[in-house]
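In the form predicted alone, a lone chain appears below as structure tokens.
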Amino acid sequence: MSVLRPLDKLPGLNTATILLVGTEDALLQQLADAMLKEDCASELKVHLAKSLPLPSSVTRPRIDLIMFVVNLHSKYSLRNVEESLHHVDATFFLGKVGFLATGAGRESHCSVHRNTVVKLAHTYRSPLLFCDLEVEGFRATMAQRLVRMLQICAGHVPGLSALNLLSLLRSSENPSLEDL
């Protein structure tokens, strides 16, 4: 069993790498294409995976950000993400992991309740973003946000780090009763 660790590899010069993990190949590919179209001073690398662990025989760059994509229309998607989380080192959860829930626009068709994904993100103390990736405008906006998050996590934004980003995203959420 191979566990992903954030500092296993040396960083590439002016390179930022994101790993999108999810079962929806077509949506992930469209999101990756939208991210690569964004204007960015860094060289962006987008890797897609259906699940973790990744094959150990493949050489890959250092991963700066992992986004777990949960389709709210598929219980399999949620189960896949939950199983993949076991293959991520705990230090990745210091601002370099996020969750993206898609399909929330058509709530009547959802087989996974929003609160389930909210609890999952809260358990791992990671940011949760909602977006309907099937709508091109929303996908383009999410691509912009992910590119900005990736630049911060890769250390390409002076004065900001992944931990700063995590604390900024956490402070914008409403506190839960157990946090009060």
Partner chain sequence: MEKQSEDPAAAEPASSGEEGGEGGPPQVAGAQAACPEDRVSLLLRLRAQTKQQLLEYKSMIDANEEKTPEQMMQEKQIEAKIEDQEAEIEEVKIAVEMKKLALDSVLMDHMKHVLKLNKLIMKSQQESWDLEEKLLDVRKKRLQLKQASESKLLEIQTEKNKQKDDLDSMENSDKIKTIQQNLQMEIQITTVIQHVFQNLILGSKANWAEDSAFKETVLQLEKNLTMI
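A quick note: this is a predicted structure, and the numbers were derived from the prediction, not measured. Positions refer to the first chain, counted from 1.
If you look for the form predicted in complex with the partner chain, you will not find it shown, but the lines that follow are about it.
- Note on the interface: of 40-48, 109-117, 65-73, 135-143, the segment with non-hydrogen atoms within 4.5 angstroms of the partner chain in the model of the complex is 40-48.
- Although the partner is absent here, residue 154 sits close enough that one of its heavy atoms falls within 4.5 Å of the partner chain in the model of the complex.
- The shortest heavy atom separation between residue 3 and the partner chain in the model of the complex exceeds 4.5 Å.
- Not displayed here, the partner chain is kept clear of residue 148 by more than 4.5 Å at the level of heavy atoms in the model of the complex.
- Within 4.5 angstroms of the partner chain in the model of the complex, the stretch 67-88 places a non-hydrogen atom from each of 76, 83, 87, taken in sequence order.
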